[in-house]
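In the block that follows, a single chain appears as structure tokens, in the form predicted on its own.
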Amino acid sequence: MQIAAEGAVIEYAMAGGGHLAALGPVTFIIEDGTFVSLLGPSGCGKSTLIRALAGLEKPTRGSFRIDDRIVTSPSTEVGVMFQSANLIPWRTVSENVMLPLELAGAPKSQRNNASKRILEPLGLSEYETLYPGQLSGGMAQRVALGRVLIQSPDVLLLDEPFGALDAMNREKISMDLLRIWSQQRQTLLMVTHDVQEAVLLSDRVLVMSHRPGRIIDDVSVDLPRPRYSEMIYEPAFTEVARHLRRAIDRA
């Protein structure tokens, strides 16, 4: 599915009168099946943009689209993952992952089969009966990712989902995400503050300005796929990363 913003602006009313400009105007198109990362300074509206595309925020002006549909509310076609795993502590790994199917009324056998299918590529099969309190931070984020993927969404919106993890866990789960995306090819937009992560994973990187966030650069990442972590040492990778750092400095 294609996702797009068309002159979208989001403003918030302030208690003392007036408005706070949080985002925009932004205009972009993300083509079906592409992996796009969103970089920008803290507070520039990246999370606001993700929430708007998910139907959790309404634009003050302009619009957000998924294919030909104007986004006005959440959709089962769109999976959203935030930085916090937000797992239910009294449900096991498997039960947390299958929760969306349970809420949708899917039969138990379908839920169980789907859970097993999702847990295996995430390296969680042997942990399916554990509870969130028994998991590391990296494992908890894998469970949260599985809970999104089990819905088989056509669009994935990820709001810095691995930002709280240490470098080693972040790299491993990022590569797991890349492998799963390569098989399923959803349209994917991910917020990150990590330039290397953005270059390693993405087809394109959008760079936002300070608030109110606008798109100030749109960089194609013409590195071959499949990607691998050692790419970060290659000259072509370094060139793209350097360009993005300069763009962020301009922001």
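Small disclaimer: the values here were computed from a predicted structure and weren't measured. Numbers follow the displayed sequence, beginning with 1.
The same protein also exists as the form predicted in complex with a small molecule; that form is not shown, yet it is the one meant from here on.
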Quick one: which of 47-55, 214-222, 25-33, 64-72 gets within 4.5 Å of the small molecule in the predicted complex, going by heavy atoms? 47-55
With a 4.5 Å heavy atom cut-off, would you call S182 a contact of the small molecule in the predicted complex? no
Is there a heavy atom of Y12 lying 4.5 Å or less from a heavy atom of the small molecule in the predicted complex? yes
Is there any non-hydrogen atom of G43 lying within 4.5 Å of the small molecule in the predicted complex? yes
If you check in the predicted complex, is A236 within 4.5 Å of the small molecule, heavy atoms only? no
